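First, one chain by itself: the form predicted on its own, in C-alpha cells.
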C-alpha cells in the first residue's frame, strides 16, 4: 500500500529510530484461523458466547468474554476433562507465550537502542537502512502477537513462530546497526 504521494504506507514513525512502523490492530481472527479450534470448525461465539438456558430456551450468552470465566459452558461442551485440567492447559500455553513475547520484546528493544547508539555515533539514515527495515518487520511481528488478546492460546505454534521471527529479525537488525560503518 502507498500513500497518495507514492510513499510506502506506515502507521507512525518511531520517535527514537525514525523507522516507519505498522500498527497491528485486532489480529484475533488471523491468529485463531491458524489454530486447532479453527480447524475443528469452532467459531468465536462457541467459546466466547457459550449457550445458556433462559427458561426452556437455549440462547447464546451475549457477554462476550474469556472462556476461562465459564469453563463449564465454554470448554467442557467439547473437552471431557476437568476444569482444573483445562485451566492448567491454558495457563501453560499463555505462560510459554508470555516468555517468548518478553524475549522478542527484549530483542526489539536491544535493536532500538543499538540504532539510537549508531545515530549518536554519526550513522546516516542510509547506513542504517537495513536495520530500520528489520526493526519495522520485527516490531510488526511483536505487535501482531502482543495486540492479539489470547496470549497465544488461539494458535500457540503460530504465535511461537511469529515471535521467533520477531526476535531473529531484531537480532539481525542489531548486527547491522553494530556494523553501521561497513554499510
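Positions refer to the first chain, counted from 1. Owing to the predicted nature of the structure, the values given are computational and were not obtained by experimental measurement.
Omitted here: the form predicted together with a small molecule. The next part is about that form.
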Please identify, from 151-159, 53-61, 121-129, 134-142, the stretch that has a heavy atom within 4.5 Å of the small molecule in the predicted complex. 151-159
Checking a candidate spot here: are 105, 116 and 176 all in contact with the small molecule in the predicted complex (at least one heavy atom each within 4.5 Å)? no
Can any non-hydrogen atom of residue 66 be found within 4.5 angstroms of the small molecule in the predicted complex? yes
With the partner left out here, check for me: in the predicted complex, does some heavy atom of residue 146 sit within 4.5 Å of the small molecule? no
In the predicted complex, residue 79 touching the small molecule (heavy atom, 4.5 Å): yes
Interface membership of residue 89, the small molecule in the predicted complex, 4.5 Å heavy atom rule: yes
